[in-house]
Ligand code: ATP
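Shown here is one chain on its own, the form predicted alone, set out as structure tokens.
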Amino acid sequence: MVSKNCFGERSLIIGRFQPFHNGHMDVMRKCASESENLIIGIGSAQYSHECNNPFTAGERYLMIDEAMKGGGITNYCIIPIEDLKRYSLWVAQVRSLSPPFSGVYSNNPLTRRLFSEAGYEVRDSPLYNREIHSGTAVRREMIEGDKWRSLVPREVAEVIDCIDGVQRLREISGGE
């Protein structure tokens, strides 16, 4: 683990962001306000064009970057992180891809355990109305109609429109 005295207070938060939505934005505001620098890890970066993972890592990067800039948040960087099913090596992989960090935000039990065992301070991510603010709910609304736009930052909707993301999701889901 890297001491925060060496590099300042950097914190890591990892999510799939499929897509980045208003709940994510609220979490980022809170976490960025508590950290000198926030490292946003795009988890499962190798997946795309699937019902649960319709967007590429690059598209998710754009969604996050545009929403953060639009929200006036500047103390962040974004890194893609591919899954590694050898959990004993996963934290080392994340460290090798990321700037040094001293704390981790996560509510995922496995992520919490792995980083805790590696000596990191692990903090709970705030949760904001999970029934409405979840990637599953947003993707469902994208398939069924246009209510999804109210669930994501304006900048994210613009990225999704630009890449024809709704049509992609409808096609790969078979309309389900």
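Quick caveat, the model's predicted, so the values are computed rather than measured. Numbers follow the displayed sequence, beginning with 1.
Another form, the form predicted in complex with this ligand, is not on view; read the next lines as being about it.
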Report summary line: in the model of the complex, the residue from Met68, Val27, Ala57, Leu151 with a non-hydrogen atom within 4.5 Å of this ligand is Val27
Query raised in the report: Using a 4.5 Å heavy atom cut-off, which stretch among 143 to 151, 32 to 40, 114 to 122, 130 to 138 contacts this ligand in the model of the complex?
Result: 130 to 138
**Report entry** Partner contact for Gly165 in the model of the complex: this ligand, 4.5 angstroms, heavy atom
**Finding:** no
Query raised in the report: Taking heavy atoms only, is Arg10 within 4.5 angstroms of this ligand in the model of the complex?
Result: no
Report task. Answer with yes or no whether Ile14 is in contact with this ligand in the model of the complex, where contact means some heavy atom within 4.5 Å. Result -> yes
Query raised in the report: With the partner left out of view, is Asn107 within 4.5 angstroms of this ligand in the model of the complex by any non-hydrogen atom?
Result: yes
